[in-house]
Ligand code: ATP
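As a starting point, one isolated chain is supplied in structure tokens, in the form predicted alone.
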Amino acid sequence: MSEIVLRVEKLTKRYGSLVAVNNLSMEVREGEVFGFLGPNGAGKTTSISMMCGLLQPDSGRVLVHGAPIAGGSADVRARVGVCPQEVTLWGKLTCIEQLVFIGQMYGVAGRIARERGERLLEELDLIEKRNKQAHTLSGGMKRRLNLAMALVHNPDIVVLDEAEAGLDPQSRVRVREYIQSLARSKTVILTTHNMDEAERIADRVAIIDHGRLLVVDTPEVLKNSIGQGDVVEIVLGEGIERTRCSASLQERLGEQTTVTAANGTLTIHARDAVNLLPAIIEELNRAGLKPAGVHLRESTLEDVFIHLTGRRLRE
């Protein structure tokens, strides 16, 4: 098993009566892409800030390679690089100047910072913009430059907060591929609201809500554990008593399935759902219901996320 490079132990942070992070414990392994997921207000940003040493916890601790990051040495903090959700650049500095400046802030010699900066600009398709001021760049270019700034001091762990936010499809694919390539030599912690992105690139994911850790495992294990593999979506007409219908279906299909009703649709999670379709249609006919549509698909990480955190909108 890979070495544990970051360990979170009983991390707690309060803001007055609000408990933003509540007794959070987890481990991140060397060389993995670790998805850190949760709804708005779940405590992700607060947790990430403490993991990076930017925020002092009320209790608990974060260890990087066994050493505490809060109150630790500059060398410990330098082992973590951060690409924040909000793009942070100096508008009048050129791309290469940004990277040299950040590198020197971390104690990297100017010549080495420049060499690393040139290489990162090449890898992120920004080399032609090396001498352009940051304010002249497109939104996608600015985000890629921010990613380079998180890497120029060569950290062991890279924290990417919504790395694909606001990117066009081409830039999104380029950043996703680059994140995957980083995992060969670095550990990546990724926060995102894009469940498809997390499912594509994360080796393991943690889902938190209300500051508490709900689950942590591989996407495949989580998908198989919630709803047992397949999803049948049945679109019903308006005005139908969906609650009573879902209850009768749940009783007919048994405990190995999960039936929910929302927004005019019955959603059934079940293993080997194809073989359950005749029983589902028979039960609907018995109830006098004629579906407007029936769709069968595999379970996704988004299904797991909604199952654990609910459908209620978050601000």
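One-based numbering along the sequence shown. From a predicted model like this one, the values you see are computed outputs, not experimental measurements.
Heads up, the form predicted together with adenosine-5'-triphosphate isn't pictured, but that's what we're talking about next.
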Would Q98 count as touching adenosine-5'-triphosphate in the predicted complex under a 4.5 Å heavy atom rule?
no
Given that adenosine-5'-triphosphate is not shown alongside this chain, does G264 nevertheless sit within 4.5 Å of it in the predicted complex, heavy atom to heavy atom?
no
In the predicted complex, is there a heavy atom of adenosine-5'-triphosphate that lies within 4.5 Å of any heavy atom of G35, even though the partner is absent here?
no
Test of understanding: in the predicted complex, would A42 fall inside 4.5 Å of adenosine-5'-triphosphate by heavy atoms?
yes
Candidate stretches 266-274, 280-288, 42-50, 247-255, one within 4.5 Å of adenosine-5'-triphosphate in the predicted complex by heavy atom:
42-50
With the partner omitted here, the residue among R119, R212, R130, H193 that in the predicted complex has a heavy atom within 4.5 Å of adenosine-5'-triphosphate is H193
What residues of 153-169, in sequence order, lie within 4.5 Å of adenosine-5'-triphosphate in the predicted complex by heavy atom?
E162
